[in-house]
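Okay, here we've got a single chain as structure tokens, the form predicted on its own, with questions on binding and movement later.
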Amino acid sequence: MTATISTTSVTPTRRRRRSARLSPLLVAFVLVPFAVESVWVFWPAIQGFWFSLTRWDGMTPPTFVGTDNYVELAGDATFRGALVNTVIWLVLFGGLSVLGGFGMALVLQKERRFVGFYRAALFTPVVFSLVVTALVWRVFYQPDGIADTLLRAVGLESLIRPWLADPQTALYAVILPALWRQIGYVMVLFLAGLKAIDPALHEAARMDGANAWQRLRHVTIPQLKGVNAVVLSVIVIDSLRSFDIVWSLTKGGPYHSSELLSTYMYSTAFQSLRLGYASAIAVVIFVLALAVILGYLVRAFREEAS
């Protein structure tokens, strides 16, 4: 009896000593990535905010101008147009990516014949760089290209137009190739979430008489809360930093009709050499992303608490 008591009393002590010996390693695993992030992310972000308060061309020393850049932004028609286009891009690109990715994940979550091939086919565009994607779709949109040929084949010649050169269609024509690439990525994220749901939950709901729509609404979607937060973060960040595909196809034209905040920031910084003004645009992009993501997280935490 005595030996048993002494053994059980020593074991927790040994565990505490072992965890104490591991604690410096755990601290290192936290501090090293934090130090790297501080150098490569946090410090440049702080510098970007400082530069937004200056007038700087990238060569001469920056001159502090306070909030003049932000005041100029408020009266900049091109900036307002780019902001509206960015909101449209966020809603359409983000919303359709989520709907398409979630729909494809629901269709392809069950193992059946050729399902692996379909998953790979939908994910393949993600492997391509955005510039390559833009080049592929430029061929699709060119006069007498695939888009025009398809419209003629179904008797819709009246809809044919210069897709990338028409201010009415340029923005939406650029959104399509971005969606083509993004839906497969979102599908994979939702597939991972769907695979983690306990099948017993669906079986219990089925036994209670729930139909497919009720199981989707009351079982599947609530179980994907964690994945939804990841998808939202990815969609918002990808939407606000979308640049490559827009610049490769239209460079924000024609007449700024497909201009986004990201492309306007780039042209302002590296073509007009107004890096202080471009930094102010970058701060606006950061605030937009932060507002959307924090708004969702606050709402999610409130629902969870209630």
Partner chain sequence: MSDFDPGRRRFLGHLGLAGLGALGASSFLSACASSASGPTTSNGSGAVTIQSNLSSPQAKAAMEKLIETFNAQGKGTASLNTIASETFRTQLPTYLTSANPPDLYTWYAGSVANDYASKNLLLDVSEVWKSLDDYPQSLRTLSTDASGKQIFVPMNNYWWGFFYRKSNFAKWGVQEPKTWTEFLALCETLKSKGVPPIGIGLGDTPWVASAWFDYLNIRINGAPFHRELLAGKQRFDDPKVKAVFTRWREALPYFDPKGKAYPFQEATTALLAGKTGMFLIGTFFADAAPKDALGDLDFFRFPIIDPSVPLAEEAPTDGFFASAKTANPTGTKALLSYLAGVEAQEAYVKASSGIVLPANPRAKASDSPLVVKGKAMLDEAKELTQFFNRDSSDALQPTADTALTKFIDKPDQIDAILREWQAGAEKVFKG
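None of the values given here were measured: they were computed from a predicted structure. Numbering follows the first chain given and starts at 1.
Absent from the display: the form predicted together with the partner chain. The rest refers to it.
Chemist: For the chain shown here without its partner, which stretch in 26-34, 41-49, 262-270, 234-242 has non-hydrogen atoms within 4.5 angstroms of the partner chain in the predicted complex?
Modeler: Within 4.5 Å of the partner lies stretch 262-270.
Chemist: Can you work out which of Pro222, Pro199, Pro143, Gly226 has a heavy atom no more than 4.5 Å from the partner chain in the predicted complex?
Modeler: Here the answer is residue option Pro143.
Chemist: Decide yes or no: are Glu203, Gly209 and Gly295 jointly within 4.5 Å of the partner chain in the predicted complex, with each residue judged by its heavy atoms?
Modeler: Negative, none of the three is within 4.5 Å.
Chemist: Is there a heavy atom of Pro162 lying 4.5 Å or less from a heavy atom of the partner chain in the predicted complex?
Modeler: Pro162 belongs to the contact set for the partner chain.
Chemist: Heavy atom to heavy atom, is Thr60 within 4.5 Å of the partner chain in the predicted complex?
Modeler: Thr60 belongs to the contact set for the partner chain.
Chemist: Would Pro167 show up as a contact with the partner chain in the predicted complex if we use heavy atoms at 4.5 Å?
Modeler: Answer yes; at least one heavy atom of Pro167 falls within 4.5 Å of the partner chain in the predicted complex.
Chemist: Using 4.5 Å between non-hydrogen atoms, is Arg138 touching the partner chain in the predicted complex?
Modeler: Arg138: yes, in contact with the partner chain in the predicted complex.
Chemist: Using the arrangement in the predicted complex, list in sequence order the residues of 236-268 with any heavy atom within 4.5 angstroms of the partner chain.
Modeler: In sequence order, Trp247, Lys251, Tyr255, His256, Tyr266 come within 4.5 Å of the partner.
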